[in-house]
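Only one chain is shown below, in structure tokens, and it's the form predicted alone.
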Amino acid sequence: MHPGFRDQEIVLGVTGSIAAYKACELASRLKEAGAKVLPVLTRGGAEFVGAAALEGVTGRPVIRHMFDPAQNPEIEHIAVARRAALFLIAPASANILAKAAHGIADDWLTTTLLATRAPVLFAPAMNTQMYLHPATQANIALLQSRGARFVGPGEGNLACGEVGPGRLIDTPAILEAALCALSTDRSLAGRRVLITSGANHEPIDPVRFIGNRSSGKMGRAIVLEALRRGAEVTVVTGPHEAPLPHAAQVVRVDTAAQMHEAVEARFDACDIFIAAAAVADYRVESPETDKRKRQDSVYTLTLVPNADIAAAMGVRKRPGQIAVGFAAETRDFVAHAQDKLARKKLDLICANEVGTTDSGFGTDTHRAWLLTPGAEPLECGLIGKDDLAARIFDAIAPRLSAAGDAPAQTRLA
């Protein structure tokens, strides 16, 4: 789980929705990530989930009443309002949205929402018609105009039998949104970041392909870090195992040629390009149109080179635009990376060791070095991929500031 949750005080408000039972899983995941979760049950929420369940998961007493004579001063609403890093309302009913929008303070949660200046994140969950009602939509718009954040709802089959928007968005999406809301680094606000991620599958025939072991974990970490810093993120991804953050715009491809085409179409509109995908260096020259039958003879494939996407964008970039690459190596890490940095005209390259049990494809860590033109390599050692993503953006920041250029969407408007 991302280190951005560690030791953060999160107030989890659970309101009157059938999806309230999912709050236990959400609280468990937050605590697992190192957050300090303070559960709050509204009167409606208590109709759907028991206080004992939330207390068992969080290890903290559930707040239910405004004037509980046994209430600990540490959970008095003003004290919590001041120290909380985030108020997460999940599920958020139509009722709580209406109260929050209009400043109604008739219980502990709504009173504390008025008193806090911490970020507030709502995860709506309700009947489709309730969600689409003009009053609810107006309340959401009003809250957003005041700085409140929203994640979801999802679409699908609801408990009431209707199909449409209103389902509580999946827990991973809520966790990602909470992580972004907790971040105080908005250095990429107004910037567009284009990222490649995952592997490529180069077809041999309609059934078989040539590929590599990329899981997409590094790409996911970079996407999430860019979102945490306020960027608008587009990710062009090949096949991958690690799920991509819900808030990113995702373009799915299979082959290196498809990835190259998708990047070319979006490159001019981005401020930062990060080539984190494990792009296939070669493709089969003439893939077969029918499945090849097994034969007791040698099967020879003729491979031809694919375009080097990072190099093509490094040459193409305009002044002020940042291009970042990766060098996955099994030896001579820094020497190979320095050659690629110069040859591909990149602003930064991350050399990372692959092929070991603790570094490379599918692992949660990398043994990595960061290289920029004219500077000594920065050895990161064995580092978590989330932390490495943060290091990459930290290294980009001075170059982006030095460029002194307006964000891409402003220039291109």
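Residue numbers run from 1 along the displayed sequence. Because the structure is predicted, anything quoted here is derived from the model rather than measured.
There is another form of the same protein, the form predicted in complex with cytidine-5'-triphosphate (CTP); it is not shown, and what comes next is about it.
**Report entry** Stretch in contact, per heavy atom within 4.5 angstroms of cytidine-5'-triphosphate (CTP) in the predicted complex, of 307 to 315, 90 to 98, 165 to 173, 110 to 118
**Finding:** So the stretch in question is 307 to 315.
Report task. Check, residue by residue, if Ala280, Phe326 and Lys340 all come within 4.5 Å of cytidine-5'-triphosphate (CTP) in the predicted complex, counting heavy atoms only. Result -> Every residue of the spot touches cytidine-5'-triphosphate (CTP) in the predicted complex.
Requested in this report: Only one of Ala231, Ala125, Ala221, Ala275 comes within 4.5 Å of cytidine-5'-triphosphate (CTP) in the predicted complex by heavy atoms, so just point that one out.
Outcome: By the 4.5 Å heavy-atom cutoff, the listed residue in contact is Ala275.
Query - Of Lys31, Lys344, Lys385, Arg367, the one that lies within 4.5 Å of cytidine-5'-triphosphate (CTP) in the predicted complex (heavy atoms) - result: Looking at the other structure, the residue within range turns out to be Lys344.
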